[in-house]
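Here you get one chain, nothing else, as structure tokens; it is the form predicted alone.
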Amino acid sequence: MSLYAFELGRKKDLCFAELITILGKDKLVERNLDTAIFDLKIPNYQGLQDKLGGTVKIVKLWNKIPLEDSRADKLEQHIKPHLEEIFTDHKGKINFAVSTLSFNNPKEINIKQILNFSKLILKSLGLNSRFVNKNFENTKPSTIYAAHVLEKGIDINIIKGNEDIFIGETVAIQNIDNYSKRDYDKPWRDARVGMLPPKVAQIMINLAGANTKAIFDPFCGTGTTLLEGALMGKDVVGSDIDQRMIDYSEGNMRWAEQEFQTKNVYRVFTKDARFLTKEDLPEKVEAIVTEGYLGEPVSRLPALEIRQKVFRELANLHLNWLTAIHRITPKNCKVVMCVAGFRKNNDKYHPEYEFLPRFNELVEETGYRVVTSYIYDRPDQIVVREIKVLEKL
């Protein structure tokens, strides 16, 4: 077993919940500002990374020191032998980076000194190198990915823990090209029905359970959840009230088979989710994962009476489809769903929201209870997603 730090994405509580579901709370060592540290055995670094929508990168930790030893000269004593160990007899130019995580003040670490020190160590080994940190500042994971640092060199991470400083190197990072391809290059898209980001779809699928083998999306739209489920090795079934959406899902799943060699079973069919029956779903699905209807797209906050009308429509929809799905799924079948809400201001640090009133009571009427709830939004969005995990009562 070894210690690994998982850098959390933008919505940190949501990303952390995904990790706990997949890796297990018993493996957790600590959570700090930007990372969660686990004691694990990981046979395939990038394979795990590719299945985690909320993790930016995975760092293998090779040392920890007391917080008071975070001066650059103290850190250098631990970086030098590691660089010498892995780059002795190395050939070719090296790209490298220094990343700091979980520091409230990034200037607590003298990145410039560590970058220049690391470059001198590599030079002493007869190696030509360049660091990708711009202006001697902390660097973004997207820059590390674009510069092929993991393939050509090393990303050294200095992480402020709760009681220690952790030092390690990145062993896997989000493949942003792959995500972009799945999001923007799939042949069938429709902004009017909402576009669930692939990363969020992955998180929702993972929140359904680490060992879930088959999922059903009763509002499949263009098939984002189905596609991501198939890429994660799950059998997927989808339905939608709109035949056009079913055609889009079918086309996107065929595209995924060609582009990503997905091999798991998939099926789509046309049906109003409020009237689903057991005959519609003969498969043994283990989780419902869906975005559902979020209301009409808007560019500014609607008037109060319009918001209330939207909430009434959504309440009726959720009451009926959850009642239907409760009758035809096994007792342990979780529901992970998005519920629409509105962002009422543009304050990045103190956002105000309005969500569907008395949703928990509505859910209990259908035979479920809300286990956890997370907000997923961006400052420029009016309609926001409240991701809910439901279990049968």
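A residue's number is simply how far along the shown sequence it sits, counting from 1. These figures come from a predicted structure and were not determined experimentally.
Not pictured, yet referred to below: the form predicted in complex with a small molecule.
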So in the predicted bound form, is the small molecule close enough to Ile241 to count as touching (4.5 Å, heavy atoms)?
yes
Is there any non-hydrogen atom of Pro141 lying within 4.5 Å of the small molecule in the predicted bound form?
no
Closest heavy atom of Asp272 to the small molecule in the predicted bound form, within 4.5 Å or not?
yes
Does the small molecule get within 4.5 angstroms of any non-hydrogen atom of Ala97 in the predicted bound form?
no
Each of Leu196, Cys220 and Thr224 having a non-hydrogen atom within 4.5 Å of the small molecule in the predicted bound form: is that the case here?
yes
Within 4.5 angstroms, counting heavy atoms, which one of the listed stretches 107 to 115, 272 to 280, 154 to 162, 206 to 214 is next to the small molecule in the predicted bound form?
272 to 280
Identify which of Ala147, Leu317, Leu301, Leu125 has a heavy atom within 4.5 Å of the small molecule in the predicted bound form; exactly one of them does.
Leu317
The one residue among Phe131, Tyr293, Phe166, Phe311 placing a heavy atom within 4.5 Å of the small molecule in the predicted bound form is Tyr293
